[in-house]
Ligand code: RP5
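One chain comes next, on its own, written as structure tokens: the form predicted on its own.
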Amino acid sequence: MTPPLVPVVGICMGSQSDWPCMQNAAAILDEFGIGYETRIISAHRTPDRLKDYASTARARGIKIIIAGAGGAAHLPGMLAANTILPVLGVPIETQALKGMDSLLSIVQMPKGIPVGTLAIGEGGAQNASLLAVAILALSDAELAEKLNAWRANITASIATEPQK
């Protein structure tokens, strides 16, 4: 049996209802063989859990945090406020405003507390993981080769002419 991968990416979400979106981030990390951990952390309902997670992540070996949240979406920003690790924010699509509220809450960070903000929804979750892979590949030649091959496969999958 293969031992579990050591987590180097943290995938955080505001509630269980965010998992259908954030599992897309996990799927990309699985594809690249990158270890991760998942946590439900509400910026508003579990502030002590948030502070503890963010302040201990680096010491536990986490190198990047991917945080998905909807509505007020303060989770990515509050994680970033409590760690020096890169935080990649994924706006979760909401019923009322289709995720625009989430996007604006995540992208509009004050100077000094950056959050790399991705697109709303599943595509944003996938791209957050791909960005995490690219960041990790800066210091991992094998992972860089995997990413190059992955991108080459995407390119090769695009038809040159439309089907008629």
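Note that residue numbering begins at 1 and tracks the sequence as displayed. It should be emphasised that the depicted structure is a prediction, and the values quoted were computed from it without experimental measurement.
Omitted from view is the form predicted in complex with this ligand, to which the following refers.
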Exercise for the section: Could you superimpose the pocket C-alphas so that this ligand sits on this ligand-free chain as it does in the model of the complex, and then tell me whether the site is open or blocked by the 2.4 Å backbone/C-beta test with a threshold of 3 atoms? Expected result: open
Practice task
Decide whether residue 124 counts as a contact residue for this ligand in the model of the complex under a heavy atom distance cut-off of 4.5 Å.
Solution key: no
Practice task
Tell me, yes or no, whether residue 17 is in contact with this ligand in the model of the complex, where a contact means a heavy atom of each within 4.5 Å.
Solution key: yes
Handout entry: 4.5 angstroms heavy atom contact with this ligand in the model of the complex for residue 69
Key = yes
Practice task
With heavy atoms only and a cut-off of 4.5 Å, decide whether residue 92 touches this ligand in the model of the complex.
Solution key: yes
Fill in the blank from the handout: None of 49, 58, 45, 98 but one has a heavy atom within 4.5 Å of this ligand in the model of the complex; the exception is 45
